[in-house]
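Take a look at this single chain, the form predicted on its own, given in structure tokens.
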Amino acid sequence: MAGTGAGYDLSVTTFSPDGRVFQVEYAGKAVENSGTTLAICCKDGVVFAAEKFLLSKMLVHGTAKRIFPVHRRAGMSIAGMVADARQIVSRARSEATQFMNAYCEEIPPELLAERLGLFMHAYTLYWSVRPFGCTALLGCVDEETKKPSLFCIEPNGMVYKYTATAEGKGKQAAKTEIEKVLANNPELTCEQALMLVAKIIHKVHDEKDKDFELEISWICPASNYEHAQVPVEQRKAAEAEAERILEAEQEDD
């Protein structure tokens, strides 16, 4: 590849003279080119939302998911290459199962996130593998305290804890909208957040992109504090209300 990375982007084990690892940066670009996904820690749980591009009009509803269950009280929303992300989901499930078998209790969210970060980082160290082209948003609710937590695991292996965040093509606009929502609704509940996350995903969607399907899941009292897809009727109602508000805003402008 000609340009800044010429000769230094052929292997993940090679540093450029200015201290960059281009293969890891390219993995980040794969995340930035994918549909937007976001997650919000609410007062009573976690809400995930993803913009899933419809690759074909004949695609069966619910196929090619971008939000996955990890264990009973944890879920994961991904941005980037779905095939890569499925390996991260599989690893997360394996870690959760092994911890449960060894200690007879659910793995702490912080430990699960750190283990996934170490796993992804390992794929930036050897020439025979490549970095994962995905970012994972891991949301959990503590079994006893019912306290929600949210972690972002990036392709370089870094783990960040957030109140709310977004990844993908529209992440900057989505983060701005999320900040406004949380500033105006500090005691936001998951049911109140449904319409708001639907509105954000529709607002940041680039009209030049393919049509998309909104995917939403949550961990909250309505799902008995277990990770579950939002019921179809509630999702459609939230989406319809979000589109109505966006249309009203555009008319006002």
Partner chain sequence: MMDFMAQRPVGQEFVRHVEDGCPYRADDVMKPEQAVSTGTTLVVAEFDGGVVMCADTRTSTGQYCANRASRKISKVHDRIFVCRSGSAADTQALTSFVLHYLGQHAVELGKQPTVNTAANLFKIMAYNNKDHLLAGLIVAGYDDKKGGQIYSIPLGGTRVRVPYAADGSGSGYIKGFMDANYRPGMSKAECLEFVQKATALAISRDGSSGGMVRSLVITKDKVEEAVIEGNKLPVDL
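As the structure is a computational prediction, the values presented were derived from the model and not from experiment. Residue numbers count along the first chain shown, from 1.
Although it is not shown, the form predicted in complex with its partner chain is what the next lines describe.
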{"query": "Stretch in contact in the predicted bound form with its partner chain, which is absent here, among 69-77, 175-183, 146-154, 111-119 (heavy atoms within 4.5 Å)", "finding": "111-119"}
{"query": "Heavy atom of Met158 within 4.5 Å of its partner chain in the predicted bound form", "finding": "no"}
{"query": "Contact flag, Tyr162 vs its partner chain in the predicted bound form, heavy atom cut 4.5 Å", "finding": "no"}
{"query": "Non-hydrogen atom contact Ala102 with its partner chain in the predicted bound form at 4.5 angstroms", "finding": "yes"}
